[in-house]
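Only one chain comes next, encoded as structure tokens, the form predicted on its own.
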């Protein structure tokens, strides 16, 4: 890890799960002083062993930080850790910056930005795409909403975590971009699992199918990265079904507000709810194959 320097801002990190752990680690390895908080402290312990200071609350992180990053599960969690009684904004010093990297609601992003202004704190929404692999390899796409000058201030930190970083517009714009991202992933994942089921029923070797079609016009991140996991029966999450259902619900609510009909998105949410009903809500999004398998018995027992 690089030596920490006094001229760098003090960083706080809240949420050290599948993705947050790696993102926080990359920032520490770039030489920043780090305070961390996680509801399950054991998940932050490896970062503490690297030199991070474990805090007992989001407010504790904020009090000792110039910039605080959050990446938690659901909008209710975002409200609690940022707007709650012991949340970040309750203790963030004036002039500080809060960056919420959770996939959440555009309206909540705007609400937090407005609340921050009243406290002389700037809030950015900056959800990410790339899953566990992108987080681990610092290749995330980061889509940001908020003040342009604050974006420039934080951009060097974004570049430590990701390869593609863009300011999408005012507060809430990062979340809207992430909704567009999730809509595309949902539709693509249906295509991936239907394609692999078809290939299997036709008697083709699934790994060979992925190797061939993944390099042609049908190629996508999902088929090339998650296809092999599906074939291997490995459904450990890069991004959990429970969280994806939340995202698709937000996208549908926003679409309704915009008077948009998005039938593919509606179908994807129904299928992912089926995955959850089968008991796989904490598996990765590629576990969608399990819902399609249930609709097509005896299709393909992926655990065999």
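Positions refer to the first chain, counted from 1. Owing to the predicted nature of the structure, the values given are computational and were not obtained by experimental measurement.
The next section is about a form of this same protein that is not shown, the form predicted together with a further copy of the same chain.
Note on the interface: of 219 to 227, 86 to 94, 148 to 156, 113 to 121, the segment with non-hydrogen atoms within 4.5 angstroms of a further copy of the same chain in the predicted bound form is 219 to 227. This chain is displayed alone, yet in the predicted bound form one of 31, 279, 46, 264 has a heavy atom within 4.5 Å of a further copy of the same chain; that residue is 264. Interface residue among 78, 179, 99, 161 relative to a further copy of the same chain in the predicted bound form, by the heavy atom within 4.5 Å criterion: 179. At the 4.5 Å threshold, heavy atoms of residue 212 reach a further copy of the same chain in the predicted bound form. Using a 4.5 Å cutoff between non-hydrogen atoms, residue 231 does not count as a contact of a further copy of the same chain in the predicted bound form. Within this chain, residue 137 is remote from the site of a further copy of the same chain in the predicted bound form, having no heavy atom within 4.5 Å.
Within 4.5 Å of some heavy atom of a further copy of the same chain in the predicted bound form lies at least one heavy atom of residue 254. Heavy atoms closer than or equal to 4.5 Å to a further copy of the same chain in the predicted bound form belong, across 178 to 204, to the residues 179, 180, 181, 183, 184, 185, 187, 188, 190, 191, 192, 194, 195, 197, 198, 199, 201, 202, 204, ordered by sequence position.
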